[in-house]
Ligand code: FAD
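The chain below stands alone, shown as structure tokens; this is the form predicted alone.
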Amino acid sequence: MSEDHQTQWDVAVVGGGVIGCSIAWRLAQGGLRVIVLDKSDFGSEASYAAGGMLAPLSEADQTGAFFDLCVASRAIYSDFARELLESSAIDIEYRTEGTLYLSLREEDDEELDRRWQWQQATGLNVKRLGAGCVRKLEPGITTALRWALKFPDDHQVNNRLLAAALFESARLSGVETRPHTEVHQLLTESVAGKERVTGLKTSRGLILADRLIIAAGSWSSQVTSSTASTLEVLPVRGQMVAFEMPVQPLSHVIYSRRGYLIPRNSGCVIAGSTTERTGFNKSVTAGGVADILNHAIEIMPSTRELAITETWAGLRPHAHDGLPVLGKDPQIDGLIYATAHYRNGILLTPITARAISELVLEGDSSINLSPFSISRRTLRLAEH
């Protein structure tokens, strides 16, 4: 039996990635007794496999609640990085050179021009650059470049250092961490006709808690109860390749419609990525690597001569509409979701931690979470 059998936690968090650890850290700062469980090592899944881009403008096709959430999170990242450094003594390598989105073929022009038009009209910080100007910024870019958009406010962090810093900050704040702990069952009881959370049955015994936060990424649907709302989060594989920094080093994050390059302080460049529905298979495949490298070479031809230093794959947690699932379960008191961030988990870490910790500590959040409610699919189906 676990040593927690007689311990009552204020909050149990399932998932030890950047989302789970950031929420746990904020809750511990608020004076709560918090335990975080993970089925494997903390920060070893999507948080480890990500690219670390903070790029809402580069990837956005329109405004809306999700875009606003992403921009709001990016806006607080500088302070978040500074606080993490003070808390953990780990520098997450927050870099502000910006992002360049390249048109490399005639068929790229339409998408980039559309992005330029709506973002200009909305007053967002986007610049249109000619090929000569871009190549002055990044001399290693292909001579086939037609033109580019620059997003000065789309930044990046080192996601692996972010995961380490959040784990350390949570631990130093008094959060109890339990790696290699499988969740077998969500426990509830009925009080005045309404179900409420009482804890979890795990591979290491019972965890008794007043509130439960599901932040388990692609595995979130496995933490369930017959009385909870239906949570559908599916894994989407993304493969990545790292190689040596070229002789003419990159400084910006570089996008094309087919791939991207991310320079790291360590002296490597990360190239990505694939989007594959292969279940929980995290294999790195010859075809996936070949596609990534072809796209990297298209952006920067000197990549062809560089040594590959690492390959890996991760699983992005994807809900039916690509939006995160954030907020309370309407059926069970004390059950809260913070999952399905898909391609934006690193970007949305600060704002998710703020929103969910406010929900727990204050009973409501200053951020409107209704567009990301677990009930949204049911509501939309009912409307139609």
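The numbering used is simple: start at 1 and walk along the sequence shown. Values in this document were obtained by computation on a predicted structure and should not be read as measured data.
There is also a form predicted in complex with this ligand; it is not shown, and the following applies to it.
**Q** Looking in the predicted bound form, any heavy atom of M53 within 4.5 Å of this ligand?
**A** Looking in the predicted bound form, residue contacts with this ligand include M53, since a heavy atom lies within 4.5 Å.
**Q** Do K39 and this ligand come within 4.5 Å of each other in the predicted bound form, heavy atoms counted?
**A** K39: contacts this ligand in the predicted bound form.
**Q** At 4.5 Å between heavy atoms, is G314 in contact with this ligand in the predicted bound form?
**A** Yes, G314 sits close enough to this ligand in the predicted bound form that at least one of its heavy atoms falls within 4.5 Å.
**Q** Although this ligand is absent from this view, report whether L359 comes within 4.5 Å of it in the predicted bound form, heavy atoms only.
**A** Heavy-atom contact with this ligand at 4.5 Å: absent for L359.
**Q** Exactly one of G345, G327, G334, P350 has a non-hydrogen atom within 4.5 Å of this ligand in the predicted bound form; which residue is it?
**A** Selected option: G345.
**Q** Between the options D91, E195, E182, E176, which residue brings a heavy atom to within 4.5 Å of this ligand in the predicted bound form?
**A** Spelling it out, the residue with a heavy atom inside the cut-off is E182.
**Q** Taking S47, G238 and S273 together, does each of them reach this ligand in the predicted bound form with some heavy atom inside 4.5 Å?
**A** The answer is yes: all three residues contact the partner (heavy atom, 4.5 Å cut-off).
**Q** When this ligand is placed as it is in the predicted bound form, which of 60-68, 319-327, 337-345, 27-35 ends up with heavy atoms within 4.5 Å of it?
**A** Result of the contact check: 337-345.
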